[in-house]
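A lone chain, given as structure tokens: the form predicted on its own.
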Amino acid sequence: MSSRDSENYIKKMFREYYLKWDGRPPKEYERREYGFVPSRKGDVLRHVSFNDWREMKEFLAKNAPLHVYYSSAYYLQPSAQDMESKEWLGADLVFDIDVDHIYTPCKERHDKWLCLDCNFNGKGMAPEACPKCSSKRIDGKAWFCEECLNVAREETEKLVEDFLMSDFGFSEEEVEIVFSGRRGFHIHVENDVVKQLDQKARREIVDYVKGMGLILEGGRKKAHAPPLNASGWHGRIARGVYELLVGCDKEGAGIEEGTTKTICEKLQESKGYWLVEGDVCRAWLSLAKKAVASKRCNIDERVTIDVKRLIRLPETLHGGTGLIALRIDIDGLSGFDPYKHAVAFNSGEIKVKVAEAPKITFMGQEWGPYLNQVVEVPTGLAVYLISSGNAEVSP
């Protein structure tokens, strides 16, 4: 069958989902701008607002868009057609953790890319430009495996628990975690203090979370090292150094056994800052740099700095996967499985022709690998494969 048949099938399935949709509105929803991508053509309908949430439900049921977005910003006139006329009132603090931008070894197994100009191709993370012809027209095929998921979850837990709650003092009620619908998570902070922060202030938050511009106190011969229970980045570095020395990376740390023992004992015993000198100081500074790299949080800084960002509306479908952008409690993050918990279509089967797909565990069962095969799969998996451009509906 044609790609038009597949697009019609996805539209039909999305409409079925939105006819029953009962998504919770975001805070002050009437002050937000909304945007929609109606079809695969990529056209964007934006500058839309709703004074009654029932209007949003009716819009989604009638139009079944592939993507639904809302603004992190609050406006006096959210439906105004130019940004200045909207009259900005403030914005939530938003973070995006996307495995697309984080290197994981598993990408060498399941991700591929192709230069659309010279057909040069490769495996793993897609480059910004083709290494052969320098073209930036790169088409990538990305998948989300358990290893990708673990990295995304770890980064999200690090951001929420270590930075937002521990360092910045936000409460669990002020922080919302949402599966992006594809390969990561969005974290929303709704708080009156952050609402008025400008781009410069948000850049400072980004730099802090990413560990940018940290100055490691002391010189190469003498420094003061923090204790394990120190607050902020000082304690984070101390714990990172300790983990490097006592964990599986000890040999890779390149530190002599005597120096390792000295630093570990001092970290275990010290209640305050302690002096490191000579060879121990040089070792400490080297380890501290590695600790910063391991403790920093990998976020997409553009999302956080942008005070007028459109981001995916929770509980709507992702047009590139057919999965739900699901809200997740921090306690439920460790057990979250998008291929089980974010599947919108849980009944029925359908035949599809799969161009290519690696082995995937979906709804608790293993499927694939497939290469130019017609197979009968669960509806949820069919929607996922078709939406991601890896399959078409088969007669």
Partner chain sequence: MSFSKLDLATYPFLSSTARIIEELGVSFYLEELLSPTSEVFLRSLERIREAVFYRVTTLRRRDLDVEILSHPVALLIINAMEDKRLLNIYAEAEKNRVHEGLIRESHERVLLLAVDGFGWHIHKEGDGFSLRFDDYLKASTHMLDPYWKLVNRSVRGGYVEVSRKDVCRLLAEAYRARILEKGAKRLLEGLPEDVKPEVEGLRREVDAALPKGKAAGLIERLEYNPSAFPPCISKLLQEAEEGKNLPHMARFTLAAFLLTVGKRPEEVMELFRKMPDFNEEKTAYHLKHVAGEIGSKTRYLPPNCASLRTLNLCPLGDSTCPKVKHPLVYYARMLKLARKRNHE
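Since the structure is predicted, the reported quantities are computational estimates derived from the model, not experimental observations. Positions refer to the first chain, counted from 1.
The same protein also has a form predicted in complex with its partner chain, omitted here; what follows describes it.
Listed stretches are 151-159, 195-203, 71-79, 108-116; the contact stretch with its partner chain in the predicted complex is 195-203, by a heavy atom cutoff of 4.5 Å. The partner is absent here; in the predicted complex, the one residue of Leu89, Leu275, Val246, Met212 having a heavy atom within 4.5 Å of its partner chain is Met212. Among the residues Asp139, Glu147, Glu256, Asp167, the one placing a heavy atom within 4.5 Å of its partner chain in the predicted complex is Asp167. For Cys133, a non-hydrogen atom is located within 4.5 Å of its partner chain in the predicted complex, even though that partner is not displayed.
Of the heavy atoms in Glu301, some are within 4.5 Å of its partner chain in the predicted complex. When contacts are judged by a 4.5 Å heavy atom cut-off, Ile305 counts as touching its partner chain in the predicted complex.
When contacts are judged by a 4.5 Å heavy atom cut-off, Gly232 counts as touching its partner chain in the predicted complex.
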